[in-house]
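Same chain, two versions here, written out as structure tokens and called structure 1 and structure 2.
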Structure 1
């Protein structure tokens, strides 16, 4: 049991090395986030009312973008250089790999964003009392995105014209998530019931993810 926990920790250590070969990578990601916000503001103009209207949308888009951008780190690299197989041989079942990869994607890609979310809120003139709601909904939403990203990038490994649409399907699937989370911000009255729905989606994707992605990984490795 202790061995198993150790292994998990070392898995995350490995992922850390892969995602962030140091502090400057984190910094780059965050810079990217802010530069993108700037770009939005330059292109739509700095009017407070409009900004606070669009703010949530902007942040969601950036979240979606960053998780799409990092999809290659998900399985692709480890698949291509055979590390997925080696990890499997070291006792990580495919499902476990998927769960761990999802968690590390969340930690190493989404968390840095979540930390700087309040500053982004200030820049986008979102009033401070909303920030609490925003953070909760983004927290849930980003886990969902991580799960969906896992499914899509494992599907892409199958490298078969039929599955080409893997990544696309998943982006499309994130639409309802976004609708809910965006909608959530306007409606603080029934925030709780909406957050429950989001939480429901989270549970479903989280449950499906290891199963679906694991199957894809297995198939991909067989065909390789």
Structure 2
């Protein structure tokens, strides 16, 4: 048990150093997020009523597009330099690697977005009473997007011609997440029902992720 905990600490410390060294990528995604928000504001106009009405949908769309920019940070670099094989030789199963990679992606990529969400709400004139529901929906939805990103990224390890297929996969399968997350805002009577649906989607994707991603990792390493 102690050895396993040491391995986990080593893994997350290694991920921390990798994301810290490439933190400019995360800053680029956050910058893209806010620049796109300003673009929407300039194109729609400064009317608070319209921005408040469309703000949640705009944020979710931009959050989804920004998340697809980080797909290569999942497995591609570790696959190319052989670190995936080394992690497997250290006693990590491919399924466990996928789970830990998903958790580290959520911590080091998605959490920074969640921190800046209140600022985005202010820019889009979203009322304060909706911010609480937005943060909850983004928290659950970001974990789902991390799981979907893990699956699509692992599927594209041997795809050197059209890596955008991974982004398309994430966007298509995240449509139900966006529908229920946007519908959650302002639906005070149906809040518990919509949260349960989102939580159910989260459990399904989190359960499928390690097996689907792990199988893709094995196939990619065997055929590399």
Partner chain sequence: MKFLVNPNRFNSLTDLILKPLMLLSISLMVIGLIFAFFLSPDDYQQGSTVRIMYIHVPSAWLALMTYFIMSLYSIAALAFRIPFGFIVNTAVAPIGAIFTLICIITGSLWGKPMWGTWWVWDARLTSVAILFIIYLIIILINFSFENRLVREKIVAIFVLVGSVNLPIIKFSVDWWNTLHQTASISKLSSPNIDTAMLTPLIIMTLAFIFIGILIAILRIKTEIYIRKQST
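Source: prediction; values computed, not measured. In this text, rigid core is short for the largest set of C-alphas that superpose within 1.5 Å between two forms. Numbering follows the first chain given and starts at 1.
Report task. May I ask which of the two structures is the form predicted in complex with its partner chain? Result -> Note: form predicted in complex with its partner chain is structure 1; the other is not.
Report task. Once the core is aligned, please say if the CA of residue 178 is shifted by at least 2 angstroms between the two structures. Result -> No, its C-alpha moves less than 2 Å.
**Report entry** Core-aligned C-alpha movement of residue 199 between the two structures reaching 2 Å
**Finding:** No: residue 199 shifts by under 2 Å between the two structures.
Query raised in the report: So, with the core fitted, how far does residue 29 move at its Cα between the two structures, in angstrom?
Result: With the rigid core fitted, the alpha carbon of residue 29 is displaced 4.6 Å between the two structures.
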